[in-house]
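The chain below stands alone and is given as structure tokens, in the form predicted on its own.
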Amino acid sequence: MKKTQLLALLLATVFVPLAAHAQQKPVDPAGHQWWQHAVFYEIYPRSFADSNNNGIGDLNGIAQHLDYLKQLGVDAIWITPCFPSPQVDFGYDVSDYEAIDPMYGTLADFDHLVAGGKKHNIRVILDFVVNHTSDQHKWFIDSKSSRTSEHRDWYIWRDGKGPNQLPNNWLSTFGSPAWTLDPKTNQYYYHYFYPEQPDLNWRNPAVEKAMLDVTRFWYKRGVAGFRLDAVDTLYEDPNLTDNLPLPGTDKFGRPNQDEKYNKKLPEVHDAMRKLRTVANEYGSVLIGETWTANVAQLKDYYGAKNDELQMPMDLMMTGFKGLSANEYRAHIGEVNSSGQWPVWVITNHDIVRSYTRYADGAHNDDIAKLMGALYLTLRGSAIMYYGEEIGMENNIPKSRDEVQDPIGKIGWPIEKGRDGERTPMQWTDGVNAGFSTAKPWLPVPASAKTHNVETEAKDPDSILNFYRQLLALRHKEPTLLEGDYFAINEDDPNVFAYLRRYKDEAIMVVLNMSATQQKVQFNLAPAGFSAPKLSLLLTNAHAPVAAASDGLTMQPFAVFIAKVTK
């Protein structure tokens, strides 16, 4: 007898298997926008699928896997930059905002992808690098041609404080000073990132207009929105006030700074409102790369009148060092109390994969399922990273010679770069994990032999099939779409449990975040269920969950999701 059948009998309920893929969403009775119930799937195009077998992924490779994405149950794909670029920062140095880099295909290929997405009811979101361009962009080439050029004031140019002195003490986040001297015009230009990524001057109305027009260009091609890169860095103090020092050193060994004068300036919100105004014209969504220290800071990005970003990403959970039920409970409770629509993220292309961050060597796959159950059952929108659904792990370079990411080359060995979380998608257990017949641009980890789409699709207990059932459940159950969030067992340091309540029903999610068996006590009367009836919906348990009227016995890192009725 299957474990799900055993659990169903134990609970005296009927377990109906979930569909293999997400169902069409019901009409939203609460009037929510499409993105509020959507699951977004981030794709690093270099690494997802290589259609022409040159070792680098491309747009046609993405298009060829739309059936997979539909079956998985995602509603939108966010593609990291695929515009023409010298690839100093792998596309985050854009040399033309209104074209496709030939390594990824053509505008016709992009249009084909958007059309294919529409057939699959999958929207396409692009990554918009709003803070800076490549130094090879025509705007910057003209800007540095002379002090009186048409585009001179499109970037931040300043004289040094004196001979061989920088304009101020600001630092690039990528390991160098934030100023580079142009010998031809004998002025410095500002760059928060690499010297090849000069910052745009958003105080110039011509820059603002040009960038808003870029969004219109893509909206007209069918793009459903943008993820806005590095929004915190859009403006700098025009007086170039030095940043004050902070204790300690950064990952490059430099003294830390309080980036008060070149980050998070109030004018950022003016730009967000203007970008939002254009997005509203097309019914599109704006997702923000919003690094914040607390929920109050995050709330600011929605705008006082909800007129800035619809989806500022909550990136705070990516910094949690372990699986602490108390830490997650406190943070998620605060986010839900803020009155805004949450946007949950547990990893992305700049962050060590969650599989690697939380693995304990004994329960790795169960922990991966637990993390999926967490961010995909909470109230709000969710953003997945490609490969999370199969348990991809980081493949950290073993030596500096293997490093592709310039951050790793500069900071080795303390800073090893971001290559580890950007490795090719693992489709099969064959050569190069089925990504390409050519040598991939990054090596595939040995774990691809067991953790890949083809192998996991055949295993009913795999991470992939858990994600498929979980996403189907999310789309099928109105309670997970519309329900509020209500924490239970709030004093348990090991188990995080909560209800999603809607009308006369609820869905209970119980997550054992510990490596030991736990007896979970719960009282649902305060939530309006004095004599609750439980119907199992989904679990990752390897043995029957011992259930009683007032609690459960949970195995290490077990997930228990049940419908609650009166």
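A quick note: this is a predicted structure, and the numbers were derived from the prediction, not measured. Just count from 1 along the sequence shown to find any residue number.
The next section is about a form of this same protein that is not shown, the form predicted in complex with a small molecule.
Note on the interface: of 226-234, 177-185, 469-477, 136-144, the segment with non-hydrogen atoms within 4.5 angstroms of the small molecule in the model of the complex is 226-234. His132 is the sole member of Arg123, His451, His132, Arg353 with a non-hydrogen atom within 4.5 Å of the small molecule in the model of the complex. Of the residues Arg276, His269, Lys263, His349, just one reaches the small molecule in the model of the complex with a heavy atom at 4.5 Å or closer; this is His349. The three marked residues, Tyr92, Phe193 and Glu289, each reach the small molecule in the model of the complex, with a heavy atom inside 4.5 Å.
Although the partner is absent here, Gln197 lies within 4.5 Å of the small molecule in the model of the complex, judged by heavy atoms. The closest non-hydrogen atom of Arg379 lies beyond 4.5 Å of the small molecule in the model of the complex.
Put simply, Lys369 is far from the small molecule in the model of the complex: not one heavy atom of it is within 4.5 Å. Taking non-hydrogen atoms only, Arg152 never approaches the small molecule to within 4.5 angstroms in the model of the complex.
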